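One chain comes next, on its own, written out as structure tokens in the form predicted alone.
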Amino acid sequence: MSENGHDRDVFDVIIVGAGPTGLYAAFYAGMREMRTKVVEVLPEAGGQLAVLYPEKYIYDVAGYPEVLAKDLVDNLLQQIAKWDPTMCLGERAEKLVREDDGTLVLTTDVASHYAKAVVICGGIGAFRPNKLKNESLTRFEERGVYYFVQDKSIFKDKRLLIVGGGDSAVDWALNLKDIASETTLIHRREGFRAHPSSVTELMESDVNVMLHYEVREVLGDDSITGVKIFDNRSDEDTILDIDIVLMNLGFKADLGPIKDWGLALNKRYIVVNGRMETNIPGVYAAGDVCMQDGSESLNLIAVGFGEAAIAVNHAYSFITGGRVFPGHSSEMSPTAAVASNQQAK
């Protein structure tokens, strides 16, 4: 895959975002023999899977009972490799305009890119972790207090405290319980915002789950020696012997400059129809970045894969006038795909 190729060459499609949805969109564009460019703000492909939880297991991708996030990214990159899309990494998409001849121009902080269609697969947009206003947590950030897990080995044989009640907190508690010497999870209320099956597994595990508790203070000088927590019903303090803290309080998402492209929006989502079309002709969206009009968004990788295929196939039809349905992939080797697309034209 060639990287950072910048010229006036007009590609068939630009895919904005190289998370799992964007990478699958690049694969499907290759299946349809579309010349494809992928623009990604991060310096590496993979999106949240690469940045937030490369060592986390994912359980809801069809065909994989479980797969490490980083391995899923590697497999997606292998899947698109034979099509050799142009990968433009480390570029922030800033502006999208249409020229008089219909060409779409995507301007980044590095260069301008040209295409006949654009598929936006920007995930949740720019994201940053939610943090508590707590000086003791800030003091130990990246030296005992973490918001992301890049390397599970830092938790080995440590007394671990996880703070949160969503999928990330529950999944990491289950994922790290056999690596850490002890694992405690505190959550500020009774109910969890995680998959019920995961919550059941958590409650049946040897993780010490403490509900209605919050962080008061992280204790220690050069390193963490403990954490003072409090029961938010009684305000009573408890000190836990802790070596390392993982904060999982969710993330703030922001579409950034995409908000100013003239797209129809619903809160943080780009509004699309059943063909994954936005209100701008030739511009499509797929994955967590979008919401179908009249429905509720379901932010799953599996859904993103399906939406990517729909978006790319409709983009192909928009560009060529050819059939939206490409035929079954099992019938289409790369050579057969070329012949099929030529016939459709």
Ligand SMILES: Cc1cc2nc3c(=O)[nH]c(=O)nc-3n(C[C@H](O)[C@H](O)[C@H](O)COP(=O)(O)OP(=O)(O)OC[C@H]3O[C@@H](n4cnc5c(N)ncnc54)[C@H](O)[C@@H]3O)c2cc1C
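Residue numbers run from 1 along the displayed sequence. The term rigid core refers to the maximal set of C-alpha atoms that superpose within 1.5 Å between the two forms. Here the structure is a predicted model, which means the values were calculated and not measured.
Beyond what is shown, the protein has a form predicted in complex with this ligand; the following relates to that form.
Enquirer: Only one of these stretches, 25-33, 315-323, 276-284, 39-47, has heavy atoms within 4.5 Å of this ligand in the model of the complex; which one is it?
Expert: Only one stretch passes the 4.5 Å heavy-atom test: 39-47.
Enquirer: Can you pick out, from Glu217, Asp243, Glu91, Glu182, the residue that has a heavy atom within 4.5 Å of this ligand in the model of the complex?
Expert: By the 4.5 Å criterion, the partner-contacting residue is Glu91.
Enquirer: At 4.5 Å between heavy atoms, is Gly125 in contact with this ligand in the model of the complex?
Expert: So Gly125 counts as contacting this ligand.
Enquirer: Taking any heavy atom pair closer than or equal to 4.5 Å as contact, tell me whether Leu52 reaches this ligand in the model of the complex.
Expert: Output for Leu52 is yes: heavy atoms within 4.5 Å of this ligand.
Enquirer: Does Asp60 reach this ligand in the model of the complex, with heavy atoms at most 4.5 Å apart?
Expert: Yes, Asp60 is a contact residue.
Enquirer: Residue-level question: is Cys121 within 4.5 Å of this ligand in the model of the complex, judged on heavy atoms?
Expert: Yes - in the model of the complex, heavy atoms of Cys121 and this ligand come within 4.5 Å of each other.
Enquirer: Which residues from 201-230 come close to this ligand in the model of the complex, meaning a heavy atom within 4.5 Å?
Expert: None of them.
Enquirer: Once you line up the core, how about Gly262: does its CA shift reach 2 Å between the shown form and the other one?
Expert: False for Gly262: its C-alpha shift is below 2 Å.
Enquirer: Would you say whether Phe148 is displaced between the shown form and the other one, judging by a C-alpha shift of 2 Å or more on the superposed rigid core?
Expert: Indeed, Phe148 is displaced by 2 Å or more.
Enquirer: Note yes or no: does the Cα of Leu72 move by 2 Å or more between the shown form and the other one after the core is superposed?
Expert: No; that C-alpha moves by less than 2 Å between the shown form and the other one.
Enquirer: Since the Cα separation of Leu298 and Gly166 moves by 3 Å or more in the model of the complex, tell me which way: closer or farther than here.
Expert: Residues separate in the model of the complex, at least 3 Å farther apart.
Enquirer: Compared with this form, is the Glu44-Ala253 Cα separation smaller or larger in the model of the complex, the difference being 3 Å or more?
Expert: Those two alpha carbons end up closer in the model of the complex.
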